[in-house]
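First, one chain by itself in structure tokens, the form predicted on its own.
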């Protein structure tokens, strides 16, 4: 995801043996406990049969996983590009930079569109901006503001990063108003905040973190409504399903997994593990029946939730740099990918071919989002700028 690695180790008394050691933050029945590694191993061995060991149970789980993959492969009768052979190829189209937004003094890390399609919030290594000719700038207490999001109403923005918090700022028309004075700290993780997204209202926000968890919070009270545990490493990205498809979201992380979650139960309902490196970005297909992911393994991949498997890989031998961000066109026919080699690749989702490559940024493309009406998309880069493409 970036050139820096962040590691947080908690020292303190173990909740089981009371000895002061490095602690592992684990959850049992959604209740957080802090155990040392020895107590975690002892707890894992409780309830084992006379001939059972952790090794045999692990072997059994791998065998069951292999059988599931074999059964899934039996239903794999054709590739997506084979089915789409008779689909008419895309004609010539021209996408170019229509506007360059300058104002950040450092690397742009994240951005989001307001639903009015006219305003953008972006965050950088120093501070977040709200763009409409640069309306507001807020200085954060941490140097890396890695996540930002617009509220559905357009009346607030959320952001966070290395401060481990998600803060919500109410917005006003007064450009001289001190937004920092109205800041409300909503979420608190035990490691950096990597992504945040409001649900269908301003009252709830979903966050992901380097502590390996995602969480749903009440904005007004700051109360934790639901926590999501299933990743074994940093969670780097998340995306909410389109509202009409239900209460689910997808997350991706450093464990190379993309997990689909039920927001009501807190359970992981689907998991995909075909990437070979960190998953930096996930985005739902407009219909909600599939999602795309972008990874440091230099590929974008499409996963069909109904088929419960990967259906397409978007890559070329000449592409060796990681994918930092992905998003679909409004129709779902195009997939935009921002890459660490300063380019944006445009893929034909059905045929699996690259139809365009966009140049303009002078450093890695860190974030990319299509506008709500689908007429343009915005990209942010480590070259300190954002670009509007159409």
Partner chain sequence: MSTTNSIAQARKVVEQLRVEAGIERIKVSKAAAELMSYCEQHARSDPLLVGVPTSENPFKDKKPCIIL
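Computed from a predicted model, the values in this text were never measured in an experiment. Residue numbers count along the first chain shown, from 1.
The same protein also has a form predicted together with the partner chain, omitted here; what follows describes it.
Here is the short version: of 238, 215, 121, 302, the single residue with a heavy atom within 4.5 Å of the partner chain in the predicted complex is 302.
Residue contact with the partner chain in the predicted complex: residue 17 places no heavy atom within 4.5 Å of it. Contact check for residue 76: a heavy atom falls within 4.5 Å of the partner chain in the predicted complex.
Heavy atoms of residue 99 reach within 4.5 Å of the partner chain in the predicted complex, making it an interface residue. When the partner chain is considered in the predicted complex, residue 72 lines it closely, a heavy atom lying within 4.5 Å. For the partner-free chain shown, just 350 of 340-354 comes within 4.5 angstroms of the partner chain in the predicted complex, judged by any non-hydrogen atom.
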